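The form predicted alone is given below as one chain in structure tokens.
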């Protein structure tokens, strides 16, 4: 089936209509939509409108509350806690961001913990928004178990993305967002949908055998990047995003959540740092800019985010395409009567 061309505004309307038809109030529908639109705007199709049916499944099965009102509490001078009340994560993130920024500016460094949320979006929007306010940021989140620890064949970790944001003197912040799996789960799912093979070393099938078949990988388990190094980072993120804040570890989320394509409950921790509170005044900015310039003297070196920003300039003008089958599925999910 041919692709469907959409402007960002048309995609926004399509998403809000679908989410409100499936139990979201306007605040939740708008917040969830914006993270998908940001992903599409930046050419990140694996976390764009492709995710909308997964959000709907999470709402329809009753795990997430589309009308939840997150509760924000500053539990210490440097710690803000958001109880999402079983909301889809974007609204909880929106409500917690400014209190986190204020705490970091007051104390130099602060943390935001988010519990009882359902996160299945890209992670970079969280840190980019904070870095745009002049703060450094690090975010980690967990999900259902999808990644085996090094040497194992059974899923134990989420894909456990981590994202980092650093303010720049001119232009957008430096931002990266990467999973601990060799490939992000969304990329594997798109490969399965489109019938593409995976590189070797990405996944194991349901029997624990190496596979390049994307559907077998979806039904099996992903592998951590760098073997034990990626596995150690995955373990660290589990401890921060679950153990530290009283949320479920990925294997516990999987044990308590049907594998229906929707999101599993998981926690998130974001750390924000006010760089001018660390003793170097404003010198940190000049010093880091010199560091980036020295890196870029080497042929072939680029800073993270260059491709996203190129797409960010192009797609708002030209729009983007989604598969016709996905468009039909969204329309069917919207027309619930």
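Positions refer to the first chain, counted from 1. Note that the structure is predicted; figures quoted are calculated from it, not measured.
The protein also exists as the form predicted together with a small molecule; that form is not presented, and the subsequent description refers to it.
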Exercise. Would residue 175 sit within 4.5 Å of the small molecule in the predicted bound form, counting heavy atoms only?
Worked result: yes
Problem set entry | Contact flag, residue 53 vs the small molecule in the predicted bound form, heavy atom cut 4.5 Å | no
Exercise. Do residue 161 and the small molecule share at least one heavy atom pair within 4.5 Å in the predicted bound form?
Worked result: yes
For this session: Answer for residue 67 alone: is it within 4.5 Å of the small molecule in the predicted bound form, judged on heavy atom distances?
Result: no
Seminar exercise, completed: Within 4.5 Å of the small molecule in the predicted bound form, heavy atom basis, the matching stretch of 59-67, 29-37, 281-289, 305-313 is 305-313
Exercise. Of these, 123, 137, 92, 241, which has a heavy atom no more than 4.5 Å from the small molecule in the predicted bound form?
Worked result: 123
For this session: Name the single residue among 101, 155, 198, 184 that comes within 4.5 Å of the small molecule in the predicted bound form, judging by heavy atoms.
Result: 184
